[in-house]
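Presented as structure tokens, the chain that follows is alone, the form predicted on its own.
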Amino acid sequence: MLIIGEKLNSAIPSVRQIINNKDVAAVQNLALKQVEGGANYLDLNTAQCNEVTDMEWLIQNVQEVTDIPLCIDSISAQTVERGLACIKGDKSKVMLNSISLEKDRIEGILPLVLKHQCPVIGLTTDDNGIPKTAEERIAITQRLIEILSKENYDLGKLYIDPLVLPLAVDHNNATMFFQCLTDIKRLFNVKTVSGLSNISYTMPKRKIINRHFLAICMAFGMDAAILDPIDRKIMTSVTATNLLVGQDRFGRNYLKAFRNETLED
């Protein structure tokens, strides 16, 4: 399971304040804590700030303290392009979040994905919004794959996000998401990814729902998750579920986490 750390996101009020205040120490501390927690990528989002210039500032300061790959999270092609320009080292290691069938993203962000051959998250949405059925989301996935394949893009770098919607809106939203994961693997054999917070929106004790949702997604073969790696309980769920689904040979990672006292009931 690839872990994409979600904490450096301007949608979080405290993080937005840190970025607005240009608090370098706080940003770098959040970055390092996520790496220590087990993040493989750090998602960076400045959409709620001065997006373009703050993305540059954020990338520069995060890269001062860690060389972990970054995930540039923006629907703005200008922000993505400027962010890529200030990346140190190999730009093909940067993940872009995200493309979809929306006209602006196909025209603005897709060329950057192809130019740098970056890993990319593909959303199952178009200019009509998020489809209501699994079948429609699978159709968008197929079209995205066709577009990328035509450009000789390495589909091993594609992560499809079938876009989970809240249980509070429809109690079938989780099961539909699980169906999407199954169908995407069966039909296309590409990687899948999701954030967790939408599933529990407006529900009490949201972290409980998120943890169990993640475990089930992993059982259905989900390859990556955007989550809080500082949360030891959710990272314990990742470790235990990797063991249960046969992704932890001889339980080495589980036992290592036990010895390091990072497992939490």
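The numbering used is simple: start at 1 and walk along the sequence shown. Bear in mind that the values here come from a model prediction, so they are computed numbers and not experimental data.
If you look for the form predicted together with a small molecule, you will not find it shown, but the lines that follow are about it.
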Counting only non-hydrogen atoms, which stretch in 84 to 92, 134 to 142, 181 to 189, 118 to 126 is within 4.5 Å of the small molecule in the predicted bound form? 118 to 126
Contact with the small molecule in the predicted bound form, heavy atom within 4.5 Å, among Q63, T236, S197, Q48 goes to S197
Any of the heavy atoms of K207 lying within 4.5 Å of the small molecule in the predicted bound form? yes
D223 versus the small molecule, in the predicted bound form: is there a non-hydrogen atom within 4.5 Å? no
E56: touches the small molecule in the predicted bound form, heavy atom cutoff 4.5 angstroms: no
When the contact criterion is heavy atoms within 4.5 Å, does N9 count as touching the small molecule in the predicted bound form? yes
